[in-house]
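We begin with a single chain expressed as structure tokens, specifically the form predicted alone.
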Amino acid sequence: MRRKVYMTAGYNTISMGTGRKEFHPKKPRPGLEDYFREAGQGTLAMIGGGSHVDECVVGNFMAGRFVRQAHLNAFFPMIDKNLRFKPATRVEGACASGGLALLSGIRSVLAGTADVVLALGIEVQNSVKAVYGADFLALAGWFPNRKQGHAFFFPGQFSDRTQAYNDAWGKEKTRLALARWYRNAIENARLCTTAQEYANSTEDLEALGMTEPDAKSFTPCLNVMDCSKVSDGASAIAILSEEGLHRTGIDSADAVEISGFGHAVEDITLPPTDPLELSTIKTAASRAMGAAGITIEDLATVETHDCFTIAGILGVEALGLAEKGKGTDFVLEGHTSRDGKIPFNTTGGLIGWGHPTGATGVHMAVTIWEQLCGKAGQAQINIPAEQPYGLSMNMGGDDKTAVSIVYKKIT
């Protein structure tokens, strides 16, 4: 890193959708502008307002389809008059749109064009019927395959990955590990007031996760607990240089340093080279840790893109925590739980906290910032002094765009 880069002042709205007590599909709910305003103003309040901001960037996947609104970068002046006439961009990379927003801000600080960047991710998806939503979400993949693919496009694709895992390593252990991943996700979400599954009161989560998939009603190898839900929400965070920290009056103890990042893209028109591997995520994470000069032994926590439980297992293997086919053992031995060897997705991840697609990558950054700075409330885990790092892995489509970032606690 040619210049020190920091993140601070993370803010999450509620991840709204089924499971939240406030959600009713037939009653008025917050709109895109409401989530944009809440998240943006939440971060600005912590850094002294929009006058300190040099640039803005928003990550969003599909507002043009879900809520018929494009040109989202022009929403920034709405949230603070001091953002009027300041540069602002919108980036898109399917479910990795939030991660790309973070990278855009990091690169602006590295380039010296900005000392303070407001990065925001947002999505409002509970706006259309499921059949239309499935078509919109399928645009994150190679759309010509839509007609030949499963009615539930991405659940079908990750069901195919699960089938491959079952065939290679055994269905029984795989299902047990997927159920354990679901249980960990919901238990973590119960500790985060903004999580979509915060109020989930199911007693035996693992038994629910063991529900046998039904190909007639859903997919052959995944049940609905294995899937992230449709979510509305936004997350924001400030990306700063050392001058930016000084300008905003932020104490370094309230910030994390960005030690490295990785960005990789695969051919969207081709199927996975190996359904048993998230090769693009693996490449991005390896680049991020290499740039930071660390190994997995230095990590205290990880936020991985568990759009489906099988993606969580494959993410463990992509990071190198377990050999290929051994991610199930790593999870079943408790290593990814909040009191395990390396806690994953401490506020619930995509399964538990929610998956407002464009916001997810930024939510990951907010969660790690909270954990490393001791601001996670009930969801707080122990951050050992000898492991001051966190890592996020944000994925777009079926492992087609990947963003990985390494964060360091400042001591």
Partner chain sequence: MKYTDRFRKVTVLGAGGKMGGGILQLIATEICNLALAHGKGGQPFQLIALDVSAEALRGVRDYLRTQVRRVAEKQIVQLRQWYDDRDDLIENWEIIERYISDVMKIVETSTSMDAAKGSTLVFEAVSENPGLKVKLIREIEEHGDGKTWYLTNTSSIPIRELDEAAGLNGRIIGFHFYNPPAVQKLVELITGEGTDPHLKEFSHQLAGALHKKVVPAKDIAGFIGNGHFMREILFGAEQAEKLANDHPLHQALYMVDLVTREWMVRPMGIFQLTDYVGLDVCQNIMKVMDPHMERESLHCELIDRLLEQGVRGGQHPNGSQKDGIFSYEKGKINGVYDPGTRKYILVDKVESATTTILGSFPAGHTPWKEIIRDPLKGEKLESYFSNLRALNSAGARMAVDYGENSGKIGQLLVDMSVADSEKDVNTVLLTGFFHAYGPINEYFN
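Since the model is a prediction, treat every value here as computed from it, not as a measurement. Positions refer to the first chain, counted from 1.
As for the form predicted in complex with its partner chain, it is not shown, yet the points below apply to it.
Asks: May I ask you to choose, among Arg29, His52, Arg65, Arg37, the residue with a heavy atom within 4.5 Å of its partner chain in the model of the complex?
Replies: Selected option: Arg65.
Asks: Could you tell me which one of Leu332, Ala168, Ala151, Ala199 places a heavy atom within 4.5 Å of its partner chain in the model of the complex?
Replies: Filtering the options by heavy-atom distance leaves Ala151.
Asks: Test of understanding: in the model of the complex, would Glu187 fall inside 4.5 Å of its partner chain by heavy atoms?
Replies: No, no contact at 4.5 Å.
Asks: I'd like to check something about Leu139: if you look in the model of the complex, is any of its heavy atoms closer than or equal to 4.5 Å to a heavy atom of its partner chain?
Replies: Leu139 belongs to the contact set for its partner chain.
Asks: Is Lys147 close enough to its partner chain in the model of the complex to count, meaning some heavy atom within 4.5 Å?
Replies: Because a heavy atom of Lys147 falls inside 4.5 Å of its partner chain in the model of the complex, the answer is yes.
Asks: Residue-level question: is Ala215 within 4.5 Å of its partner chain in the model of the complex, judged on heavy atoms?
Replies: Within the cut-off, so yes.
Asks: So which stretch, 84 to 92, 113 to 121, 283 to 291, 216 to 224, is the one near its partner chain in the model of the complex (non-hydrogen atoms, 4.5 Å)?
Replies: Among the candidates, contact is made by 216 to 224.
Asks: Can you tell me which residues in 126 to 142 come within 4.5 angstroms of its partner chain in the model of the complex, by heavy atoms?
Replies: Counting only heavy atoms within 4.5 Å of its partner chain in the model of the complex, the contacting residues of 126 to 142 are Lys129, Val131, Tyr132, Ala134, Asp135, Leu139.
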